[in-house]
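First, one chain by itself: the form predicted on its own, in C-alpha cells.
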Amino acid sequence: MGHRVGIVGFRGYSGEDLIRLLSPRPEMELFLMEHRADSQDRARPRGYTGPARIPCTAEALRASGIDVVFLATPADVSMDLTPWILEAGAKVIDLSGAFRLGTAENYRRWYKEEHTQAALLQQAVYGLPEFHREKIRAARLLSNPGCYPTAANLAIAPLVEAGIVDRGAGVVCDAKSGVSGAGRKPSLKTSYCEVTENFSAYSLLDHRHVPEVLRNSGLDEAEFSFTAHLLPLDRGILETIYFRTLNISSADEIVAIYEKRYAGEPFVRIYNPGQVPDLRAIQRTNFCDIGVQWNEGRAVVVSAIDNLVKGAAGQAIQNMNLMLGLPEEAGLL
C-alpha cells in the first residue's frame, strides 16, 4: 500500500535530501507544498520532471490525501503550519527546533523568542529512534532532533546510563559542522569568502542545541560544556567528547557498553578500541559512527554523522518509516 507524503521547505538543503532519499521509493508519492510565492528553484535541464506541486493549504492537503508532512522550515513557520496540518488529518514531522524542548519556558530561554503553539509541546514526540522508538510509532507530531544533539546523545547517553562518567569532572563536547548546517538562506557568516580556508567557533556555552543534549543524555547543564565550530566544507558533523571515567580500566570496556546498548540498531556503528571515524565514513549516509580511546581514567569519544541525513532528512525518514508501520531502514540502507 502506497503513502502520500508532503514536503514543505523543499528548496532548502534538508528538503532537497528528503526528495533525494524518498523519490526512488515506489511506495511513496511525493507532493511539494509551496508556502512561499517568492522562492526560486534551481535551474533544471530540459525535460526534468519532479514531484507534483500543490499549494500549502489545508484544502490542497485534504484533496491530495497526504498521510504525513515534513516541515523543513524555520521554527516560526513550523509553529504556524503545524496546527492546521494536524487538524487536516496528516501527521507532522518537524525538522526545526519548534517542538524539541518540552516547555515554552525552555524555548524562550534558548531561542530568545516566544513559543506561539505551547499547547502542542506536550503532544510532540522527540524523534531519536534509538531512544524513543515505541513513542515514535504512535506519534502524530514528531520533533526531529537537531544534528549536533543526535551525535552527542548517541555517544554520551549510554555511558551516563552505565554510570562510568565522572560527572563531577564535567563533559566537554568539541563539535564541528559543515556549512549546510546553517541552512540555505544567504548570510555573511556562511558566504564562501568568509568560510573558505577559515575555521571558527560560535555560540559558546549557549548554543540552542544544548538543552536537547541535557534532556536526553542525563547530564545537568553545569556538567556539560559544548562549543560549535564551522568547518569549511558542505556537510558532516564530527564531535570530540572528553570526560573522566569511573570504574573503567580499558577502552574495550567502553566499547562493550556501546555494543550492548546498540545491539541490533541499524544506524549506529561502533569502532574497535583506539579507532575513530572521520567525515568521509558517514557523508550521505544515515549512520552515526562512534569510536573511543581511553588512558588512565581519561576518555575521548568521537561521534560522526552527516548533518543533513542522520542529523536531519535521513532521521526524519527513519521516523516516518516507524510512524507509518514500515521497515525502519527502508530507503536508508
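Just so it is clear, the structure is predicted and the values come from calculations on it, not from any experiment. Residues carry their position along the shown sequence, with the first being 1.
The discussion below concerns the form predicted in complex with another copy of the chain, not included here.
Though the partner is left out of this view, A119 does not reach within 4.5 Å of another copy of the chain in the predicted complex, counting heavy atoms only. Another copy of the chain is not shown here, and in the predicted complex it never comes within 4.5 Å of any heavy atom of P74.
Using a 4.5 angstroms limit between non-hydrogen atoms, W294 touches another copy of the chain in the predicted complex.
Among residues of the shown chain, N286 is not one whose heavy atoms approach another copy of the chain to within 4.5 Å in the predicted complex. In plain terms, the part of the chain that comes close to another copy of the chain in the predicted complex, with a heavy atom within 4.5 Å, is 176-184 out of 126-134, 139-147, 80-88, 176-184. Taking I257, L246, A104, L233 one by one, only a single residue has any non-hydrogen atom within 4.5 Å of another copy of the chain in the predicted complex, and it is L233.
Contact residues in stretch 183-211 (any heavy atom within 4.5 Å of another copy of the chain, taken in the predicted complex) are R184, P186, S187, L188, T190, S191, Y192, C193, E194, V195, T196, E197, N198, F199, S200, A201, L204, L205.
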